[in-house]
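Listed next as structure tokens is one chain, alone, in the form predicted alone.
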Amino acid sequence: MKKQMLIYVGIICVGLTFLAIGSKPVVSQTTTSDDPHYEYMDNETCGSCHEEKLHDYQSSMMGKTPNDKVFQQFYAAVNAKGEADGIGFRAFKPKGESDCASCHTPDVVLDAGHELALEDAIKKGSNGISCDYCHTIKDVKVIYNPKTQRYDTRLWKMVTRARGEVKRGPLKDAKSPFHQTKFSPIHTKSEFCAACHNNQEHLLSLDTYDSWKKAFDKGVVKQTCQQCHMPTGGKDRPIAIGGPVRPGSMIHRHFFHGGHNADMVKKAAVMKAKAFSDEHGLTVHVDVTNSGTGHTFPGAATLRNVIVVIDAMDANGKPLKHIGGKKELLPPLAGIGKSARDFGGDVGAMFARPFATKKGKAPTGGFNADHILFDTRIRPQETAHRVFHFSKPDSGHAVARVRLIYRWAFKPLVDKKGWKMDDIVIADQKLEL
């Protein structure tokens, strides 16, 4: 009933915006209190005035959780057909709570004040990471123990809510006829995002905030998470229907683009390759620079990976023999099989941070990770240099093709799960000698 009334009020407000904007809101909740009986509004209610924001959000990965199929299948340890495959959280822990629910169904977890099973959180009616959830957060506290070098990422310890009719955001002069508004400093800071984009298990399974913070404190990175993943721009326009026209430079989009967006990924890094030939053979030098992210490249999620693939051949297209040893070959995580996208064992390099179980099984999630198999991710503004060696062509010139490819998950896992994943080619360079 309450939500219906709010919708009706919102519709009326759209028709009376020019009379209402600037008027005193009719609600009287204090701006600091948290109402434990408050029911979050659904996203469509917010979208009745904030159309652009709702459209952006619904197209985002954040807007799909907790109902994103890939996430649910990895959590439930089933493949794309719904068949149990033993790969995922529920294979490790068949019953009980999980920290997965904390970030995918945060509203219900905070209500409970402890971890919940994701299944139970969904049954309890979680709205996921909804508009109203984010805009009624009062504060986020990052808890780090320098002695143990560990974070406390329990959501109910980090997040302070102020549920109610007051909506919080980054504008100091926002007014609404539908609800009260309040400027919120935390909404302009990366610490807000740390509530979920830092996750301490046995290992720091998500370290996006941690890697950003280290670079930011050194002055290597200047921007916050919001400035990259919620960019401003576009034409001058109202933020809400009937609201005042604001400069596009003040309006943050709510796409939350990241590792699943090709345009965003292609801005993350720059590759430069050179080839040299002498009496010993052909040498290919590759530099990959993390020029466009405020955190590691690839990002923190344990399945993200980037590969350099080198193909070298003579003038007739015959492959040149690789003479550089195993250290110049891609690991099985680059793909095992005979398809054109299986690069395991081919000449190249991988940038990633795969986790392994006690028995050495990789990749795995943070839930049962024992150790890091390797960490070759590139820090912000740093360059990774790799060299590859091939035999000299018998006659004529040589040609080398160098590709930089991003994948949001390791291909062997994708194949076993039956997921659909397109490679994002960041760079494709042809070298001739």
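Fair warning: this is a prediction, and the values are worked out from it, not measured in the lab. Residue numbers here begin at 1 and follow the sequence given.
Missing here is the form predicted together with a small molecule; even so, the following discussion is about that form.
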(message) Please tell me whether any heavy atom belonging to residue 404 falls inside 4.5 Å of a heavy atom of the small molecule, as the geometry stands in the predicted bound form.
(response) no
(message) Please determine whether residue 240 contacts the small molecule in the predicted bound form, using a 4.5 Å cut-off between heavy atoms.
(response) yes
(request) Would you please decide whether residue 190 lies within 4.5 angstroms of the small molecule in the predicted bound form, comparing each non-hydrogen atom pair? (result) yes
(message) Residue-level question: is residue 179 within 4.5 Å of the small molecule in the predicted bound form, judged on heavy atoms?
(response) yes
(request) Select from the listed residues 289, 79, 226, 127 the one whose heavy atoms reach within 4.5 Å of the small molecule in the predicted bound form. (result) 226
(request) Quick one: from 322, 341, 161, 135, grab the residue that has a heavy atom within 4.5 Å of the small molecule in the predicted bound form. (result) 135
(request) Please name which of the stretches 256-264, 330-338, 279-287, 310-318 has residues with heavy atoms lying within 4.5 Å of the small molecule in the predicted bound form. (result) 256-264
(request) Establish, in the predicted bound form, whether 104, 175 and 250 all lie within 4.5 Å of the small molecule, using non-hydrogen atoms for the distance. (result) yes
